[in-house]
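Next up: a single chain in structure tokens, the form predicted on its own.
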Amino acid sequence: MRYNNRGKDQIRPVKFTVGWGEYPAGSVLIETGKTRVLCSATVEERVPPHLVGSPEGWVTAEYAMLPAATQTRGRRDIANLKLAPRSAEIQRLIGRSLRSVTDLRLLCGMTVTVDCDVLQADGGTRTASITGGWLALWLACEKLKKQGVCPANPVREEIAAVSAGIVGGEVLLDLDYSEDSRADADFNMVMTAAGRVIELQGTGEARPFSRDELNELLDLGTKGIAELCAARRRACGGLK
């Protein structure tokens, strides 16, 4: 039996607290099971060097896990004077995912940075960061639109992310840490609300998996992402 008596195709209880931070243009605390991630979007009137002189703007992300986010204290990246490889890989994933549905031409020379800070980790921190980070980005861009800075909200489409894996021979949706740590195969999926694929990260960690198992993983991921998007819309009273 899974924690909280979840069925194999059920996501963890999810909660979005919109406007958690006072100062960012967009701020969301996402809680999925015991995992909690604070996502904050800030806007700056600058662009990276490769876009200087271009009419486009930019969307990027940073990811960090607080030292007390896990049962054993982790060291801050700054302690090693460089970003940890895992943090670097995850924040690149978040940035790619958010840019995939953003019309950068509408940002008019501005950069939106989405900071994803893990307050507590119990599996799925990267997927929660993307799901919450998208809402923080949308809120920031909606604010720019209402201020007349952008002619329209540059975020064209909803996205979310979820994990699925094979644990003890069963295909399960939205793994917590106890399941992820003993999974035979593990998949992270980023998709639009309509189920179109943005990025897939999958590994047969303990054994190869079949095409039929892959199809089941993808089907569960599509279902979970649609449910996450619906829960997010409810938290905001709808997205217009």
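Residues carry their position along the shown sequence, with the first being 1. Keep in mind it's a predicted model, so treat the numbers as computed, not measured.
One more form of this protein should be noted, the form predicted in complex with another copy of the chain, which is absent from this view; the next part is about it.
Participant: Please identify the residue among L98, M110, A121, L144 with any heavy atom within 4.5 Å of another copy of the chain in the predicted complex.
Facilitator: Residue within 4.5 Å of the partner: A121.
Participant: Flag A152 as yes or no: does it have a non-hydrogen atom within 4.5 angstroms of any non-hydrogen atom of another copy of the chain in the predicted complex?
Facilitator: Because no heavy atom of A152 falls inside 4.5 Å of another copy of the chain in the predicted complex, the answer is no.
Participant: Might R105 be said to contact another copy of the chain in the predicted complex, defining contact as any heavy atom within 4.5 Å?
Facilitator: Result no; R105 lies far from another copy of the chain in the predicted complex.
Participant: Is V197 one of the residues lying within 4.5 Å of another copy of the chain in the predicted complex, judged by heavy atom distances?
Facilitator: V197: yes, in contact with another copy of the chain in the predicted complex.
Participant: Flag V18 as yes or no: does it have a non-hydrogen atom within 4.5 angstroms of any non-hydrogen atom of another copy of the chain in the predicted complex?
Facilitator: V18: no, not in contact with another copy of the chain in the predicted complex.
Participant: Taking heavy atoms and a 4.5 Å limit, what residues of 13-39 are near another copy of the chain in the predicted complex?
Facilitator: Contacting residues: W20, G21, E22, Y23, P24, K34, R36, L38.
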